[in-house]
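Below you'll find only one chain, the form predicted on its own, shown as structure tokens.
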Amino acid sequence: MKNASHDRLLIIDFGSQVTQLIARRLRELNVYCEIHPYQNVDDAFLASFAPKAVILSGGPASVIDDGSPRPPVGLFEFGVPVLGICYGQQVMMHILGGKVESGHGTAEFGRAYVTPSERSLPLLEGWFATDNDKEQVWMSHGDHVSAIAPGFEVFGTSPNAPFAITADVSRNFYAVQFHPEVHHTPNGAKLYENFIRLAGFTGDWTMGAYREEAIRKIRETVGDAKVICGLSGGVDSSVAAVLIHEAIGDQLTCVFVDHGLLRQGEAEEVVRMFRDEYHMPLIHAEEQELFLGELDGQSDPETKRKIIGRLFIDVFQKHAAAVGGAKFLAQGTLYPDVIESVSFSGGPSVTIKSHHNVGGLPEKMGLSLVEPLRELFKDEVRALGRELGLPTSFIARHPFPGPGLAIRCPGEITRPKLEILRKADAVYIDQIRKHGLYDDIWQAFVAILPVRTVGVMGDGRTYDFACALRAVTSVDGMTADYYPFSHEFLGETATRIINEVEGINRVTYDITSKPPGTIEWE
């Protein structure tokens, strides 16, 4: 979303899985930035984009290899500050006359500590608590810089990175071997703050500005065409719908697909808010029989996702025809969805799992995608929702996946199991709210397990389902840890579920982090 009214920072992406976190840190500092894969950035692009500064991301390649990624030839003559991170540092050194090598025992992965040199550097202002302190960072490199380029000096070292922080102050070139954007470099945000200050950014880009930019881009893309929006009732699609409605008004028709996999009372709440409060054209597509009929008996998670994705498209196609002349389908796709499914901005990254709403539509549908939240993390979407005036009670809701309860029902899907799951989830969320914990938790839900266990209720034997409670804390959904409930809370919740939900006689709590697990069970 280019806009010449803002100073712009360019992030050249060399394929790191955490490149978007760089953008996130800059947004927190109210700096407008765009990520572009190195393949798309040449000297002509650089001149057209006219960045006030450039950041070179990390990446999985080795600068020593033939054909490895490079920034444009003219970057280092462009006259703007440049910050290289990990691979970005190595490619700077390689191009500017330094040396990069592999092996020799200098690889570093994970937590490390950087010690400052005796020289002062504006980039490090306020970063080290004292001149003698070490600062924790996160390293992830196999290659290493063995000789720095002419004009550079060393300002920080770690045990396996003698050139952990280097700079050519006269040209405003800075390079670090670690990743300041990740959570495990606790003071990393300070480096970005110092870098943008050195580059002269004023911090004039806010969520209000993003709203304006997004509305402008939606209008330019859509023109006078009609748009249908896949409204799931979750925060993402709801914010997307309100944003697009603000941009094009009644050119937008929302299609709320009730696939029979929603939480208790959710359909009624969504219809009331969007039809009665926001007065949007809304089609309530009651397609429970279609979805549940095809999912009946299915147990493979990827098969479930593909069935749901295909049926969503079929339903949208049917209602697009009913709307008449719709040319676009709007979705609430977020960046974590994208990075787990396809590489962002065309860069080289790894697919983790498929998402029902990522990857485009079949050509037969004849609709183009509008995804105004595609570059945002969940907390940023919530901030945008507040900017748009959505009620706090709705904005603060935990994430809910598009495939709904289907991926919280490992194993075979049946209607009785879904009804048990729906009731158990309602009790669990009620417990969390009663104890004042809802806003402390990123996401919480119940999964019904594909096993039955023996139990005793009263004087009788039971043979019912076990369920797992899941609750995690997170900042952006990319990593997560389990929420440390007290044993008293877990015991009370288990008792309520077993007493109030017929069909469950055993309750467990999932304490797996992400990674190695994902937040959802499937």
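When you see a residue number, it is the position in the sequence shown, counting from 1. Computed from a predicted structure; not experimentally measured.
FYI, the form predicted together with a small molecule isn't displayed, but the following is about it.
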**Item:** 4.5 Å heavy atom contact, C409 and the small molecule in the predicted bound form
**Value:** no
**Message:** Check N194 for me: does it contact the small molecule in the predicted bound form (non-hydrogen atoms, 4.5 angstroms)?
**Reply:** no
**Prompt:** Hey, in the predicted bound form, is S146 touching the small molecule, heavy atoms inside 4.5 Å?
**Reply:** no
**Prompt:** Should D7 be classed as touching the small molecule in the predicted bound form when contacts are defined as heavy atoms within 4.5 Å?
**Reply:** no
**Message:** Looking at P281, G151, P301, P399 here, can you tell me which has any non-hydrogen atom within 4.5 angstroms of the small molecule in the predicted bound form?
**Reply:** P399
**Request:** Work out which of F394, W442, F128, F76 lies within 4.5 Å of the small molecule in the predicted bound form, going by heavy atoms.
**Result:** W442
**Fill in**
For the small molecule in the predicted bound form, the stretch among 178-186, 432-440, 200-208, 399-407 with residues bearing a heavy atom within 4.5 Å is 399-407
